[in-house]
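Next up, structure tokens for two forms of one chain, structure 1 and then structure 2.
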Structure 1
């Protein structure tokens, strides 16, 4: 079933305008339902038929699946849209570093430790790789379980166990099954045994078939076996084919045209000569689990930044927690610079202040993630807010002077801020790149 439009939903409502749902009219409620901002059971007068229709239409068309346990576990699915500008993408793909079970144990531990400890901090967020995929290349249950044990001896990371042999898979699950690894992969030939293992160990299961029709048939068979936490393996040696298949599956899912394809997507990106291209395609075009060989530093940084950019809500600015931030080791005579909690503004100013080597304080106020220019134009940045922040963060005791440097774009507020706070206001440059020169020439405590 395709997602219903607001007027389609409105036709199913009782049209009482009773306001018991919290909205003034049924039409307003219908618009919220269509946008995913309300639930059908908020209306006390819906009949059962309307509840069934609206429930099917408003719940996420892509199954929610969790991989791993504990702090590093991650969730996939629950996506609602084809394009991120329509709403947002919900759960970013997990990037899993692959190792073969034929690799020496010390090398397995070295790679696993690197994945465990690697962190890239960008705009206030720690970006990490997600886990380890163990390939059963030996065909030996003993070797496979040995490799899994080597991974688990150094890290509690989410895992993908990769083998089509149920005997090898059970050996690996005997070591890691309590940690909910992803089982890869079930086919038409082995799905009953793989489903048995998935149920026994409560693990998600990736399924693989040659065509989308065959994949839909296999997912239905696995559901019949009692396994609903599925991923669809859409791997192909052809990048063109992968792009076509991932796009088609997302279309089938979000339009609810083929519910049997409403699952997250698995891609084995370790394709000779094309791995980087497969990874970028997987991040940008609907991949949920991406398996790859160990990545170089430049590639992993670029990939993590790309993933962060695409899985950041385009309708919600990234925000910094308001507060008083210290740059260097500022003393009582350090300059104080007013800033807003739009992350790009904060980190840009912070970077230039660090480069200036002038110990400083940044007073960050809550403009709901808006930039300085936008906050001033919309009235989000006001003198009362600055006064409140000075008191809340005890700025008066942090410095011995009463001078506040405000951004150049906030110059129209300078007089009102002085009147409200009693602090002398200095209007700084519009461009943060000029802050070092401004402090050198203008700052005198």
Structure 2
């Protein structure tokens, strides 16, 4: 809720403090509403006026739009805030690899296959490119539909069909129109025709105009035509201009000053010499569909990780459940490695342990999602919890020895862990990359 502060909301509440909303007082409920952590209808006693005000300001100010069908389809919009530290950003932008319709069919299929199959697994999550944008450069409906067919023959990925010519667009939609591609783009000149197509095929529509005012005007016109699943194309050759437009659009949307701009943002990032810069700006600054050329391996990795970072809630580290985790099939004499429940730490260590080919056990304790070094620095990793975890996960029965390998960064705690648990502590390397060597050389049950 961008515009209302907790006290403003509190003034609208019945002030019965009856707890029926699940909160102890109306004031705490107001604070939750302000933070987007509760819904107004949880209070049964709101009057109509309060309902109207709170309802309007808790409804996401940016239209929800879905692109594609099936497993790889994705949703955009529904964002609530200007800065991710205010709440979190919700729907990651879709990265759409562009191909011109003049490209040979085989090459189109190759690129589509790559986009379909590429996956980067990080901290237990599969990161992927999202789909294909087909640019009508030929100006020919036949060529365009042939290119769309080539894409469709390989994968049912979400698509952007790019042409301002309604005839070409209709030809493309004739191939993939039932799979909810994004139509790009409607302008003041062609919007009636494009709206007709968007309605006929129930597809989302990207709109383009020279200025934000003109764009707001166009979005209202499209809404009048009955199309409200819109994206705003804010592309400009000037990155400065792009940044200012995306910022302005997000501001006008979340403050509800200009509801006609309350739609997700489309950016064509395939700009000569500056593609990386456009992509980064798009990810960090409010882009929802980012079109780009086929990306090199290093760039796609960096881009996907940046997107993952920006769309992670900064207030909640990604955690895994504390417990005893097995690598391979550890016997009674397998080494036990103490670690923390920050997912990045867990998956990093797990990766290196698997690569070492030494069957082992990971004893993961609850540091509330803090990394080893951070947990040690803040006192969140303590001997008592290690003792508790050993008992709780029945480590004594899992192995026959009484030795615990601790992370190198936890070395200052080694004495205390030994005293508290009665287990002999071995201080491991600081860097998990050295774990294989350490186990081979130092580990004896």
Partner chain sequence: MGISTISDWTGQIGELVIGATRSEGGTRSRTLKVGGEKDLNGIGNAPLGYPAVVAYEIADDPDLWPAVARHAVGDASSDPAAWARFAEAEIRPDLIRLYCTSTRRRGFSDCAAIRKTVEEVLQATSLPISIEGSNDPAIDSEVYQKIGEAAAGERILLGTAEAGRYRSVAAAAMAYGHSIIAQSPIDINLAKQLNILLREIGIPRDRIAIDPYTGALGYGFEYSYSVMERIRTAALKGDEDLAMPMISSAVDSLTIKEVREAEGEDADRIAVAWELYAMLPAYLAGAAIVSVRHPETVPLIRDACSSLFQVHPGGGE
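Positions refer to the first chain, counted from 1. Heads up, when I say rigid core I mean the largest set of C-alphas that superpose within 1.5 Å between the two forms. Here the structure is a predicted model, which means the values were calculated and not measured.
Each structure shows the same chain on its own, and structure 2 is the form predicted in complex with its partner chain. After superposing the rigid core, the C-alpha of residue 259 moves by less than 2 Å between structures 1 and 2. Taking the rigid core as fixed, one finds a CA shift for residue 321 of 2 Å or more between structures 1 and 2.
Once you line up the core between structures 1 and 2, the Cα of residue 364 ends up 2 Å or more from where it was. For residue 394, the Cα deviation between structures 1 and 2 after core superposition amounts to 8.5 Å.
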